[in-house]
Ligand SMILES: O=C1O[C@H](COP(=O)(O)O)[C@@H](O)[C@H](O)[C@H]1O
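One chain is shown next in structure tokens, namely the form predicted alone.
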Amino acid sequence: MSTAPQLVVHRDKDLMAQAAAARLITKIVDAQAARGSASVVLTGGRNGNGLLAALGTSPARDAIDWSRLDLWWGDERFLPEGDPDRNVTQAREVLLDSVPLDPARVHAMPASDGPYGIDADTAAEAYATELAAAAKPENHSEAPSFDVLLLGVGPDTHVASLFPELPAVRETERMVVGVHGAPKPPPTRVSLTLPAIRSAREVWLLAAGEDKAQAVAIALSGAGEIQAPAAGARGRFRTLWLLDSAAASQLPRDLYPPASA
């Protein structure tokens, strides 16, 4: 059911973050009005954290009923609880600790000093079980139909912790996997797979900066998902690329309307 990707290009990364935050607030409020609650999958990295920081300073953030919001993560660095490099640690610092979330609805991925010890594969299985418990029969998946799933795009086209050519990007059945030997530190991670990502109603891919331009161009040029994981990230109803002008600089101009710049 997924349609062709839509592109929105903003002048710079700060404007992109502010616009994406405003877009996300609207989507959460609309989902809560329609279904009583909303679910969002967060991403780390500079663009994911930039969006959360912008959301935190937005005057519209109080339109969200934070107690009726489920938060999940697309991937996590398999490090001890509270480690500054963990995505959840960074998200708490820039936003989560300052809004009235229901702790039971903040679904952090397990840490390396948690109940599963240093076994990332068992930690991934546990997160998959948590996803399955939250899925409804109408989702037709072992993961919930997230309202929005956010992904940063790496310079090598990776999304979540799905790196080009590595086993995790080839996974077709499991929703969550342990990742070993990642090409950027730390080497051990836990990640949603492409099947889990595609269970989302909407997938938003974030990329800002000249260092992302080639990856964006490759992913949107018809590349295969094994070689360019970002090319395989799509939502059931919408796939949205949110870019700044530097990240879009290698795209043909006919891919996006001039007004969006």
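Numbering starts at 1 and follows the sequence shown. On a predicted model such as this, the values are computed, not experimentally measured, just so you know.
This protein has a second form, the form predicted in complex with the ligand, left out of what is shown; the following refers to that one.
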In the predicted complex, which of the listed residues (Thr43, Ser199, Ser39, Thr193) lies with a heavy atom within 4.5 Å of the ligand? Thr43
Though the ligand is not shown, can you say which of Gly114, Pro187, Pro167, Pro155 has a heavy atom within 4.5 Å of it in the predicted complex? Pro155
Candidate stretches 46-54, 228-236, 25-33, 64-72 - the one whose heavy atoms come within 4.5 Å of the ligand in the predicted complex: 46-54
Is it the case in the predicted complex that Arg77, Asn87 and Lys212 each bring at least one heavy atom within 4.5 Å of the ligand? yes
Should Leu149 be counted as a contact of the ligand in the predicted complex, where contact means heavy atoms within 4.5 Å? no
